[in-house]
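Single chain ahead, by itself, as structure tokens, in the form predicted on its own.
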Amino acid sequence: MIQWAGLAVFLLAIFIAVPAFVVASGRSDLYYTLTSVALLSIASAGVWLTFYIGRINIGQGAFALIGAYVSAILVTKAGMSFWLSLPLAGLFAAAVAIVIGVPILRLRGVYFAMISLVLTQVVTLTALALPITNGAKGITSIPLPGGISIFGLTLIPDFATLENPRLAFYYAACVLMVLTFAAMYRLVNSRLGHLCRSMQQNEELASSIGVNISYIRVIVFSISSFLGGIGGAMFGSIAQSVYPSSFQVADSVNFMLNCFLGGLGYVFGPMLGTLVLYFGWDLLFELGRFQLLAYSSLLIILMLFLPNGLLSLRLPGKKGADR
């Protein structure tokens, strides 16, 4: 009952209270900031999933960039609706993850981390080299998402006709975020989630009782990359442009830090971690050249005193990803 009440408060806050606050403050630029937080938390949720199978993923930026380019190409060159290109971008990223995941997911620890770290740079160099991505020029002038109507009933309005498309993007990002974390919660409490937990503890033991660990690793990695792909596709649509530098290695590292800060033992850890890191960096802007020093020092202190993440403050004694 308490969980449902908390969910209701959360939904009221993001869909009603936050827009009302933005209107009252006159800070319409906050829509873009909060939209970015929602989308980054989706990509970070994918990274959290790979931690769930005992893999340190520092390559989510690669799949976000893939998703951004696939959606941009389908919209600008094929004339496809953005809403159709969005899942296709995620599926393409997932397909790439399956191809490269079969060999690299055999690695563990720092070895997998280093390989995944290289992925973002590989995708960036590929985007620079391929003619379809326009090289360093990138893809610009991406149209805003069009409307969706069924039997004359408008389900999603044409963003180009709206007075404030930033608000529309905010709502779209929040809906995607809610659906993502609802699916994540369901996944970790499913049979697949229980198998992932067993693999996280001891892969050899899980394999000895009949768990197909290779298959599960690839499935989870593909789901993780799917989330990165749709997050990147949404970013490309908001910016109306995609460049090889749209997602860099630093972004992949931040996706990982979001999970650590929020809490690896909690499904909603990536969401809280993204919110704190994003606004924390901006709040430290006034420190000028000492911004990075203060930012890094605070992260180290938090990791030392809160090794289980910020959510461990609210949920003492409740360990486990299903909390």
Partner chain sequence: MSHLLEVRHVTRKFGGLTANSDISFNVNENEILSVIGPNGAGKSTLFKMISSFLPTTTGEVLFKGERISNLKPHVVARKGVVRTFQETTIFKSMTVRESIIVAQHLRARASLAGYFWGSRMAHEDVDSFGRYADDLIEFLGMTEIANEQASNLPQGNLRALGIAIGLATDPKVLLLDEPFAGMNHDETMKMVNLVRKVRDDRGVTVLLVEHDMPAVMNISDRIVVLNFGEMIAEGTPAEIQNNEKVIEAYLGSADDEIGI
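If you're wondering where the values come from, they're calculated on a predicted model, not measured in any experiment. Residue numbers count along the first chain shown, from 1.
This protein has a second form, the form predicted together with its partner chain, left out of what is shown; the following refers to that one.
Student: From the list 245, 202, 161, 240, which entry has a heavy atom within 4.5 Å of its partner chain in the predicted bound form?
Tutor: The residue from 245, 202, 161, 240 that makes the contact is 202.
Student: Have a look at 187, 96, 168, 117 for me and say which one sits with a heavy atom within 4.5 Å of its partner chain in the predicted bound form.
Tutor: Looking at 187, 96, 168, 117 one by one, just 187 meets the 4.5 Å heavy-atom criterion.
Student: May I ask you to state whether residue 100 is within 4.5 Å of its partner chain in the predicted bound form, using heavy atom distances?
Tutor: Heavy-atom contact with its partner chain at 4.5 Å: absent for residue 100.
Student: Whether residue 152 contacts its partner chain in the predicted bound form should be assessed with a 4.5 Å heavy atom distance threshold; does it?
Tutor: Contact with its partner chain, no.
Student: So in the predicted bound form, does any heavy atom of residue 131 sit within 4.5 Å of its partner chain?
Tutor: Answer no; every heavy atom of residue 131 is more than 4.5 Å from its partner chain in the predicted bound form.
Student: Though only this chain appears here, would residue 79 touch its partner chain in the predicted bound form if you measure heavy atom gaps against 4.5 Å?
Tutor: Residue-level check for residue 79: no, no contact with its partner chain.
Student: Quick one: find which of 67-75, 80-88, 232-240, 203-211 has residues within 4.5 Å of its partner chain in the predicted bound form by heavy atom distance.
Tutor: Among the listed stretches, the partner-contacting one is 203-211.
Student: For its partner chain, considered in the predicted bound form: do all three of 183, 195 and 198 come within 4.5 Å of it, counting heavy atoms only?
Tutor: Yes, each of 183, 195 and 198 comes within 4.5 Å of its partner chain in the predicted bound form.
Student: Could you run down 64-80 and flag each residue that has a heavy atom within 4.5 Å of its partner chain in the predicted bound form?
Tutor: Residues within 4.5 Å: none in this stretch.
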